[in-house]
Every structure is written in structure tokens, then in C-alpha cells.
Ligand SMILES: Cc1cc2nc3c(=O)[nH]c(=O)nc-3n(C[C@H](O)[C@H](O)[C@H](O)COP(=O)(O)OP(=O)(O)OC[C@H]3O[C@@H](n4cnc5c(N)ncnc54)[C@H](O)[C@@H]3O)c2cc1C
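One chain comes next, on its own, written as C-alpha cells: the form predicted alone.
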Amino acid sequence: MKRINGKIIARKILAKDIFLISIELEEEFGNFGPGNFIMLGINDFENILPRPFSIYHAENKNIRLIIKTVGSVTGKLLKCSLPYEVSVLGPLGNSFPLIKGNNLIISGGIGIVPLFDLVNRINVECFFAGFRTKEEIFLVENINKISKIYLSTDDGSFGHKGFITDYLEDYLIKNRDRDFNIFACGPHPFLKKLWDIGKRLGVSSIFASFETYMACGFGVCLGCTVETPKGFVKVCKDGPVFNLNDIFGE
């Protein structure tokens, strides 16, 4: 983990409220694992804490992030003049385990970003990606190593209509004689529903990256704590990737 200064040198709109930025760093970033994140410092914002973002891609002195516009800071990153000075602290947190077996990936919305690189590191049988509407679909056209990709939108404007967890559940029921490893990222309720499905259908391993607010990125501020049956965990330091049994299990 180290802090590196850099500049945003390129930006591209990917979908509604979703954009990619490319940051040129002053030093090499180093190796990262799928699920690792960085804290991005916005240098010309007074009293603004760094913001956490999953790593989409990093190589040599370049790092790329995919960002959803949700507030003033992300809005600034979308509209600022380039090049734009920032700082990067990372890589932070743990990453998804690289295990063999019958592997499935499921994402909700922006949760597709930390899962994307897994396709290049493990064998994946199916990728399930859910979005609210077709205008928000992004990145799935770049998943070219998997023959089975299931898409859903909440409003039915593209792919299956409904929640992507419902289509994963159907797939698990049809293949109930097989044991799967599931890798996931999405909002907290999305992950809780996924755990409920896995528990009901006897899925032994569900690894998920949690989305939460962070202020420091390494366990000092306690702003990202999540309550579990065994106590509180810090998403930034203990995660962001957890076995869902450790979060929701009893």
C-alpha cells in the first residue's frame, strides 16, 4: 500500500451515470487482486475525505476506475477539466479467492466492477449481471471469455425482467445436484437475499465484496463497520470480500 500522486488524463461515458477515468501515476501502482480498492484523493476540494473505488484495471503507471455519479465529488470527477490532479492510496483490502470448481459470478449495478477481472483469473461457468434499466448496462460486452451471460433489468427494458438473484436461483435449482462457488458484489440487501438463496439451496461458498461508505480505507475511522452474529467487522480492513456465512450466518 502506498500513496501515489497522479493526473486524470482521460474520461469516457459508459452508461447513464457511469463513467471511466484513466489516471496517469507518478510511480508504478503494483499488483492488485480482484476486489482490491483504492482511496482517491481529490486535491482541490477543501475538507473532502478521499473516496473508495474498486480497481477496474491497473498496469504500470496507469490505473483505470469506473465510477457512478452519486454526489458532488463524483460529479466533479465527471465534469472537471483534464488533466486533473488526484492521489491514489492502495491497493487496499483483500481480494476474491482464486479457487477451482463450478464458479458463478453475480453482480448488481456498479458491483460488476470488482468482479470483472475474476473472469481472467478463474474458470467461470456463468456470469449473472443485473441492472435497473437498459440505459445503465455497461461492461458486459467486454466479458468475452464466458459463453453464458445472463442479463436482467428491473423494468424489463433489456434481458430478463426482474431481479438477477431470481435467475440465479432458477439456475441453482435446475443444477441442484452440483456444488457451486458464487462470487458477488452489490448492495447490502442484494447480498442478504443471495445468502438466503444459498442457504436454502445448500450452496457452500458465497464470497462477496461489500459496498459501504469509507473515510480512511485502513480501519482507523470505523465508518465502514458491519454488524455480524460474531460482532462487528471493518469492511476496509477485514474485507471488502467476505464469505457471506461470516456476515449473515448464525
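In this text, residue numbers run from 1 along the sequence as written. As the structure is a prediction and not an experimental result, all values here were calculated from the model.
There is also a form predicted together with the ligand; it is not shown, and the following applies to it.
- The stretch from 170-178, 154-162, 68-76, 116-124 that comes within 4.5 Å of the ligand in the model of the complex, counting heavy atoms only, is 68-76.
- Taking the partner from elsewhere, Arg51 is found to have a heavy atom lying within 4.5 Å of the ligand in the model of the complex.
- The ligand in the model of the complex comes within 4.5 Å of no heavy atom belonging to Asn62.
- Contact annotation: Ala129 falls outside 4.5 Å of the ligand in the model of the complex, judged by heavy atom distances.
- The closest heavy atom approach of Ile206 to the ligand in the model of the complex falls outside 4.5 Å.
- Comment: the ligand is not present in this chain, but in the model of the complex one of Ile182, Met214, Leu194, Ala58 has a heavy atom within 4.5 Å of it, namely Met214.
- Among the residues Ile110, Ile137, Leu104, Val88, the one placing a heavy atom within 4.5 Å of the ligand in the model of the complex is Ile110.
- Taking the ligand as positioned in the model of the complex, none of the residues of 165-184 brings a heavy atom within 4.5 Å of it.
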